[in-house]
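Presented below, as structure tokens, is a lone chain in the form predicted on its own.
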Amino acid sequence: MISVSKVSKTYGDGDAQTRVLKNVSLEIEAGEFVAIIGTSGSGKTTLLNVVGGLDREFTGDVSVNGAKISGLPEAKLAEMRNTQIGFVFQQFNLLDHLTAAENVALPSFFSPKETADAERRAVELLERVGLSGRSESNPTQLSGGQKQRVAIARSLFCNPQLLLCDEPTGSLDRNTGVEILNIFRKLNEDDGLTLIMVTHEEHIARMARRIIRFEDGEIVSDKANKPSDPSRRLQLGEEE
């Protein structure tokens, strides 16, 4: 599903150049749940941005579902991001003047296939992530964990095949972070959704089925993992 071949990325010019990715190659199959772990500045977020088509200034090749990112016109790349890839970030990026359901339905305004029943779908997705009854709440009325659930629901609105998550628990306490990861695990196990998650937290990475370790722009370890099973595991549909 995802092929990264000899990808390098450099910031700056001349003596100020910083090489953030160094000849990185990897393959990720459909349905995998992969954690990419490393310290700040190790290149893990840059790689995620390259795979998601958010950063096109690199050398090497990246393909998603057989389509080369570097070879796609901007319009086609935008369509891929809108229809095939969901994004979840550390910052929730919600609009405070909209309800939770309206935030979830935002992709319907940009999708080439406008969704006539956007509100109904938004409510259903909120229920899936454990926010039943909160569709009319504004983000200012929600906790950090609840805001991230809204952001996850929004990322699922267009039925993506791939979910890219950049430090999705970075703004949350440990227990809430585990709850959010259990949502990802259920989506991966029940729906076969491919997940790639960047994190610097060991206990979060251990909940994935494959762990790739980054140091100084290079992969130093890539191993299968038996996910940890914390005692506080929430099922989808439960409230915090």
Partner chain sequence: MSFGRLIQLVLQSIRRNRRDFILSSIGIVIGIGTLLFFTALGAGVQTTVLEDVFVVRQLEVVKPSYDVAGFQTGGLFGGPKLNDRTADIFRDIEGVRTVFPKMKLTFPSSVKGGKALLGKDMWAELIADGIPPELVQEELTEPVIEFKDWESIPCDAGCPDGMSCGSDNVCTGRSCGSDADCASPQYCHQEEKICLMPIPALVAPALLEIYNGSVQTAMAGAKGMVGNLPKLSQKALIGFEGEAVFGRSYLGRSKSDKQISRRVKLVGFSDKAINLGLTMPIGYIKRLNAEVSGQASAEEYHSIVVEAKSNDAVAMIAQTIVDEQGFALSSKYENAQRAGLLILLLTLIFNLVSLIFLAIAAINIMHTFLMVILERRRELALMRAVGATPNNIRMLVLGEATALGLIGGTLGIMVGYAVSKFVDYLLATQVGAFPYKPETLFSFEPWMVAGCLGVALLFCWIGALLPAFRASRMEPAAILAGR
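Note that the structure is predicted; figures quoted are calculated from it, not measured. Numbering follows the first chain given and starts at 1.
Just so you know, the form predicted in complex with the partner chain exists too; it's not on screen, but the next bit is about it.
Taking the partner from the other structure, the partner chain in the predicted bound form has no heavy atom within 4.5 Å of any heavy atom of Leu26. In the predicted bound form, Arg120 stays away from the partner chain, with no heavy atom inside 4.5 Å. Proximity of Thr176 to the partner chain in the predicted bound form: non-hydrogen atoms within 4.5 Å are absent; the residue sits far from the partner.
At the 4.5 Å threshold, heavy atoms of Ala67 stay clear of the partner chain in the predicted bound form, well away from it.
Within 4.5 Å of the partner chain in the predicted bound form, a heavy atom is found for every one of Thr45, Asn49 and Arg154. Interface residue among Gly170, Gly145, Pro107, Pro139, judged by heavy atoms within 4.5 Å of the partner chain in the predicted bound form: Pro107. Taking the partner chain as positioned in the predicted bound form, the residues of 71 to 104 that bring a heavy atom within 4.5 Å of it are, in sequence order, Glu74, Ala75, Ala78, Arg81, Asn82, Phe87, Phe89, Gln91, Asn93, Leu95, His97, Leu98, Glu102.
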